[in-house]
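First comes one chain, alone, set out as structure tokens in the form predicted alone.
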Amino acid sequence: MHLMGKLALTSIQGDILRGTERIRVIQESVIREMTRKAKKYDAINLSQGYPDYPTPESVLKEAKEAIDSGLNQYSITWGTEELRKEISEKLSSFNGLDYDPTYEVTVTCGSSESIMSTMLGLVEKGEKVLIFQPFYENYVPAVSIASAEPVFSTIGKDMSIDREDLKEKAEGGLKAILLNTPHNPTGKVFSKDDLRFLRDLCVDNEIYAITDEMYEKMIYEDKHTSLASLEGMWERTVTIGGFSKVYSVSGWRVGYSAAPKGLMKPIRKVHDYTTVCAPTPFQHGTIKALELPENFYEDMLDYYKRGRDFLYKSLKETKMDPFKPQGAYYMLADISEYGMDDIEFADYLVKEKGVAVVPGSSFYHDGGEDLVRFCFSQDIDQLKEAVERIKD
């Protein structure tokens, strides 16, 4: 082998070894660990976000027919042409965003792959990415695997963002801001005023925005606004979405990213060499999902709103202090009055009461020991049984 080739290989091997060390220190998924404990102790699982709302029969039928008709091989790497067109039309009508489905929409293996491919495609080693804490647990590993540096800004218990802290960090040098709205785990829906502030930070400091809008159809008292729809943001934003939660098909692993052609090109390269394509028959089922009438979303929202209101009222009758979410189907609750930290409390609840929740500190770089997260995506009867066990 040529000397330069040997040196290059040694360098790559070194990066792989450092990457292995980096991945090793990323903690195991606490949420999935709580799901395992729920099974072990025969507990009601209010930890992992399994949507319990029924998948429309027409959507299931479409996926089955795709399998039966032989659509079981690779699709086009970026997703079937029909699905990309449907996503583009949805982004235009619902989000107010115009993307060319040929070059600016990519179908991925769930939104988690979109986030990972975006990080690996756009963020260089050592660059800083801002994450709001509490955060969805995949964000920090995605930044770390890309060899970038996560920096954190905290959403207050009153759902406010710390604008001075954000301004200081933006001016200190950020490559990107990772935004999730509606937000998991707080249920915060970022207001237009919040979004305008973030827009100004990004424009003034030449920062990318990566927006995870998985729960855009799950907002209880307001309307969804995409950050990319604000003036000056389309050209610097990657908009990410998926179908797992709204249509109750989390096992299908179909998501998408949308971005201007210049940003999408490196994202597509990573996507191509990691997952090749999303599952072909489930892409066809997703097309049918995007054709569902508006009353499907209204009924789905009513279903989760009943669960939210019931759980909030019930937890208020305990020594917990829950925070009422504006969107998604998660609820944080303060457990300070119980004299246990979040890990002790969650462990006690799953073993002694048969209810699995997530320790709050798993959503924080620092903090959260006085919080736990409930997921209220389960059937109302399951929520009632869980509350009875907690109150017992």
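Just count from 1 along the sequence shown to find any residue number. The shown structure was predicted, so the numbers you read here are calculated from the model rather than taken from an experiment.
The protein also exists as the form predicted together with glutamine; that form is not presented, and the subsequent description refers to it.
**Q** Considering glutamine in the predicted bound form, which of T106, S117, N184, T211 comes within 4.5 Å of it through any heavy atom?
**A** Only one option qualifies, and that one is N184.
**Q** Answer with one of H271, H284, K188, K245: the residue that has a non-hydrogen atom within 4.5 Å of glutamine in the predicted bound form.
**A** It is K245 that has a heavy atom within 4.5 Å of the partner.
**Q** Which of these stretches, 62 to 70, 30 to 38, 343 to 351, 320 to 328, has heavy atoms within 4.5 Å of glutamine in the predicted bound form?
**A** Within 4.5 Å of the partner lies stretch 30 to 38.
**Q** Quick one: does Y136 come within 4.5 Å of glutamine in the predicted bound form, counting heavy atoms only?
**A** Because a heavy atom of Y136 falls inside 4.5 Å of glutamine in the predicted bound form, the answer is yes.
**Q** My question is simply whether S361 lines the interface with glutamine in the predicted bound form - judged by any non-hydrogen atom within 4.5 Å.
**A** Flag for S361 set to no.
**Q** Contact between Y99 and glutamine in the predicted bound form at 4.5 Å, heavy atoms?
**A** Contact with glutamine, no.
**Q** Quick one: does S112 come within 4.5 Å of glutamine in the predicted bound form, counting heavy atoms only?
**A** Yes - in the predicted bound form, heavy atoms of S112 and glutamine come within 4.5 Å of each other.
**Q** Which residues, if any, of 200 to 230 lie within 4.5 Å of glutamine in the predicted bound form when only heavy atoms count?
**A** Read in sequence order, the lone residue that approaches glutamine (within 4.5 Å, in the predicted bound form) is Y215.
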